[in-house]
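Below, in structure tokens: the form predicted on its own, a single chain.
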Amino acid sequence: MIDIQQIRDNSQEVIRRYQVRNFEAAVLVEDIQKKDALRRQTQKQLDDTLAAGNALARKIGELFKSGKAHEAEHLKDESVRLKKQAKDLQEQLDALSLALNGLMTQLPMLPHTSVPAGRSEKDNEIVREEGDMPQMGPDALPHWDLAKKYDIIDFEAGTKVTGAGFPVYKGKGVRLQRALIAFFLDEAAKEGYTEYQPPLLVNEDSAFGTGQLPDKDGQMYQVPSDKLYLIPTSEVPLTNIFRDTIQREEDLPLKCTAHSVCFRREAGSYGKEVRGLNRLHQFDKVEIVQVTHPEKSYAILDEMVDYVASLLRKLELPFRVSRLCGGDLGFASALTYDIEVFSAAQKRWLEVSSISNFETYQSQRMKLRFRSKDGKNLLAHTLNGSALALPRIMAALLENNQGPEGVRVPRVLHAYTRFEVIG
């Protein structure tokens, strides 16, 4: 959630900034202001009542000590009344706090000042493009046909066993997947990321903490009987490791990485956009997460973008980096860069990484703080990015490297795959 102090200080500026997201916040912000004012008023009444009750308790105690029991007994009725009043006010305060929290969770993160206005991905701002575009002949095959030709991915078997969007990898397809995962994790270790192996299921508090709930409830697979969710990305368990903690400033940034299977319902997806590996319900991904000082988070965001770009250079894949416009920005993100690779046979760009700075949106929900050098407990900034998601990387590698002898494996993966060609 955003800090309510921002609404208290300048509600009109908050409303104006939300317009970049095409999010009409005026009515909601007004409701929040009214509820916040009533909550603060009730808090003051409760504080005054408790103070009066404590003062009266001390007075009654002094009267008993001085032998004035009759006068003390006379004041007990007032003490009972104040206790009842405090109990009622506390119940009102709890209800108001709950209602205010519910309103605040309806607000997305305030966009960073560099976020361009726009309504869809067509309005995203391309900030970088690198690599040589592969030249494919008229006989170039899309990856789903290459997967069948070389018997490395069985889409039909996955559909039979589970359903569409759950492919079965075979032979060199499996080995290429494992090679990519090992390569990504090794590269992350070189960059100072500590590797974790987190759970694939999380509870409601974890899903709420990183912003999946309530915003993406419909996109998550659930285990209702246990009130658990299958993770859509290892960002969720990784970041929640630090929920309800106070870190030392000198230990920041915390740099984490993990490989995990990810699960997404992808409700409403259809057509050619979901063909083959383009959009799956189950897929593998290596994630990077950082928890950092607010003053350094945007420099770190740039470093994370450069790091993911370095992976794509080593894989010899042409790519481009886009700054997302307000209309395409995720609910919890202040600024996001998408990285796409070019898929030669499909002749289209495929998103393989999304790198975001959430500022204090997640840390506010998770109470993730650090103790500054002057002893203050402050909210940290959290960032995460795909480094990388495997399905579309696999798709681009297969399509861009196909030739008469088969599919060439990038040199950087040879030590991992122990083969140079899929054929």
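Here the rigid core means the biggest group of C-alpha atoms that line up within 1.5 Å when the two forms are laid on top of each other. Owing to the predicted nature of the structure, the values given are computational and were not obtained by experimental measurement. Start at 1 and count along the sequence shown; that's the residue number.
FYI, the form predicted together with the RNA isn't displayed, but the following is about it.
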| item | value |
| --- | --- |
| Close approach of Asn54 to the RNA in the predicted bound form, 4.5 Å, heavy atom | yes |
| Contact of Lys170 with the RNA in the predicted bound form (heavy atom, 4.5 Å) | no |
| Partner contact for Gln346 in the predicted bound form: the RNA, 4.5 angstroms, heavy atom | no |
| is_contact(Lys122, the RNA) in the predicted bound form, heavy atom dist at most 4.5 Å | no |
| Sole residue of Ala389, Met394, Met366, Ile60 within 4.5 Å of the RNA in the predicted bound form, by heavy atom | Ile60 |
| Contacting member of Ala164, Leu98, Val261, Val80, with respect to the RNA in the predicted bound form [4.5 Å, heavy atom] | Val80 |
| Stretch from 26 to 34, 394 to 402, 366 to 374, 352 to 360 whose residues place a heavy atom within 4.5 Å of the RNA in the predicted bound form | 366 to 374 |
| Site check Tyr196, Asp215 and Arg265: each within 4.5 Å of the RNA in the predicted bound form by heavy atom | no |
| Partner contacts in the predicted bound form for 25 to 46 (non-hydrogen atom within 4.5 angstroms of the RNA) | Arg39, Arg40, Gln43, Lys44 |
| Core superposition between the shown form and the other one, C-alpha change of Leu56 at least 2 Å | yes |
| CA of Lys84, rigid core aligned, shift of 2 Å or more between the shown form and the other one | yes |
